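Next up: a single chain in structure tokens, the form predicted alone.
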């Protein structure tokens, strides 16, 4: 590997990460280290499962008084955060546990924040607005996608705003992440695809993000851009997903594939937690609000077109993605980069991600609106390797609407 500049990297991580089949049995032991009263945030589907009942029993057997909040909604509306906080404000909670997909883990982060520092939640939007540490958080993912179990990010839907809001702070990184792939075995193919597409986008966007100088860390940025450590996680995760994600989608009972997908999602969380994501995520926020489609599906539809826009600025990285996906080396570097982009296209197509925004139900006269609102996600726009303005975002959304996947070179 050739390094053309002094190596610079950052890693932020939980105190403890446990990965492996059956490792959810350690939840009670870890939670008991943080106190005697636990709040568990989950959703109604998981709350009714035998696995969840076993987790509660384990917590109680380890001496914890358990409070369960099972009304988490997809895309995490602020009303869920406020309702959970109001119910638990005076319950004497010592540790907050998120069990489920990204919304459940994000609810745990948001409520841990508010139980520590108070509300309203919107005072913490943006980067580094959390003043100091929050209650300990334990994250137990049940999908292979968001990587939220290791990230400093909480994403939510605010009905008073026209797009999603984000809270980014190292204080929101869970203290413990317990990643048990057995908890993903019951995920239906549609959820496997949506969560998997989210992981793909995290890995691709962090690997191709802007590259900032080391001074970015001194400036107090949460997202400092791609670096040698985030790149190593991105390479690892992409290599895993290239093979495992289609198998997990097509053969849900394949335990090895399920394990590899969850591990790749975890790698994506590490990568994005310092490098950040970019245009696909910025555009998905207004897209999701308009079409009410799952987050992973939205970024999955957008990613092929964002990759093509960014390709001239990240030729080497996309060429490396081709190698990670096992594409035989042929042609010049630009041709290899195109092969890398097309390999990601093929992966998303194979797991059933729609090829166009039109198929998500977006109207053509809404494209300019999506572009204008996407530009408001400054932390994501600033992370893109090519400069973005409304015209550039409109170029991407028009291509994504029409399904225009022409050669970017």
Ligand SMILES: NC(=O)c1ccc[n+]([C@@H]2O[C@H](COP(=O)([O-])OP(=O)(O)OC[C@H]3O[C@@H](n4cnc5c(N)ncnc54)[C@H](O)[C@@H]3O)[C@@H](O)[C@H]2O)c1
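Positions refer to the first chain, counted from 1. Note that this is a predicted model, so its numbers are computed, not measured.
The form predicted in complex with the named molecule exists for this protein as well; it is not shown, and the discussion that follows is about that form.
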item	value
Heavy atom within 4.5 Å of the named molecule in the predicted bound form - the one residue of 260, 155, 242, 130 that qualifies	155
The single option of 120, 92, 312, 74 touching the named molecule in the predicted bound form, heavy atom within 4.5 Å	74
Region of this chain that lies against the named molecule in the predicted bound form, out of 111-119, 304-312, 147-155, 328-336 [heavy atom, 4.5 Å]	147-155
Whether 45, 186 and 195 all lie within 4.5 angstroms of the named molecule in the predicted bound form by heavy atom	yes
Any non-hydrogen atom of residue 87 within 4.5 angstroms of the named molecule in the predicted bound form	no
Partner contact for residue 142 in the predicted bound form: the named molecule, 4.5 angstroms, heavy atom	yes
4.5 Å heavy atom contact, residue 102 and the named molecule in the predicted bound form	yes
is_contact(residue 161, the named molecule) in the predicted bound form, heavy atom dist at most 4.5 Å	no
